[in-house]
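Given next, in structure tokens, is a single chain: the form predicted on its own.
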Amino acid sequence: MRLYSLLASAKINLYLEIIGDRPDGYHELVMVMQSVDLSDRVTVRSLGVKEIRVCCDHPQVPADETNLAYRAAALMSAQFPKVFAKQGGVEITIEKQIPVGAGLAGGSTNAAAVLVGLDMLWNLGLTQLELQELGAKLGSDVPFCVVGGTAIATGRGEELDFLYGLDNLYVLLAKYRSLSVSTPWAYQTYRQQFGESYISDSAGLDERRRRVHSGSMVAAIAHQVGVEIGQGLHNDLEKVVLSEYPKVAQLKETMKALGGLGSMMSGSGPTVFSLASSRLQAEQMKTQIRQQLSDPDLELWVAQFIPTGIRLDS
């Protein structure tokens, strides 16, 4: 019985700007995304029957067709029906480390791992670009998760320009276990409150994208300057989420006071992170915040920036 086990990296947003509406109903975005080594283990295994099965050790993760990993396998079987007929079905086992509903692309990176794993299991020989194109059919974050590292994302998040990968920074991640934020709610609320400021003409959208490419955050990444990366953190969705979720706002302020390189909410939340120049600094901040916020519902992780997304588990 053949199988592949892969590590699927979480991602954080170092920069997230909403610049307009798209004809498909999504928002036009400019983001800088970064992989971290907080990872799920995803194993794809050949079955003797033509079925797709999903198993996960986390009770909140569905095992049916609503799971993005299941949908990734269904997409591959539809794209390559002859291979699926010959090779048979697949069992997908997900061992969760990335928190669920955290804004860290846990579902997307699991789906990306299934695409990569089935490419190997079925000997398809797909390129990274072909895997990314398949991933875009599943969700905006999946193409990035396939490759990982550091990238500027535009469009609805699926158009990627990869940057020189960062691996010299660490991050403290914090999330209240019982707290979740609806991503559609966050974007819809932002549209209601700030839609009048959206750029609508193509020339304006192109100019705004170019400004980010040549801006301070990308320059700081190119020169590997952690202090400047921390200073350049930006997330438009904080404008609506922090006022609606005071615990997330308090968490950000508490983490900001710890003295890291910079603190911000990732994506639509509710995870908040602080950047650190070393693992020691990140661990020290973890101890400090545990002392200041003794809530047992608060979960904390220390992770390192990595220049890759999906990778074989050695």
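Numbers for residues come from their place in the sequence shown, where the first is 1. Predicted model, so just to flag it, every value in this text is computed and none were measured.
As for the form predicted together with a small molecule, it is not shown, yet the points below apply to it.
> So if I measure heavy atom distances to the small molecule in the predicted complex, which of the stretches 193 to 201, 217 to 225, 105 to 113, 166 to 174 falls within 4.5 Å?
Looking at the other structure, the answer is 105 to 113.
> Just to confirm, with a 4.5 Å cut-off on non-hydrogen atoms, which of Q128, Q231, T183, Q87 contacts the small molecule in the predicted complex?
The residue in contact is T183.
> Name the single residue among V61, V248, I289, M264 that comes within 4.5 Å of the small molecule in the predicted complex, judging by heavy atoms.
The residue in contact is V61.
> Quick one: is G155 in contact with the small molecule in the predicted complex, heavy atoms, 4.5 Å cut-off?
Output for G155 is no: heavy atoms all beyond 4.5 Å of the small molecule.
> Answer for K96 alone: is it within 4.5 Å of the small molecule in the predicted complex, judged on heavy atom distances?
K96 belongs to the contact set for the small molecule.
> Even though the partner isn't displayed, in the predicted complex is N67 close enough to the small molecule, meaning a heavy atom within 4.5 Å?
Taking the distances in the predicted complex, the answer for N67 is yes, it comes within 4.5 Å of the small molecule.
> Using 4.5 Å between non-hydrogen atoms, is M120 touching the small molecule in the predicted complex?
It does not: once the small molecule is placed as it appears in the predicted complex, M120 has no heavy atom within 4.5 Å of it.
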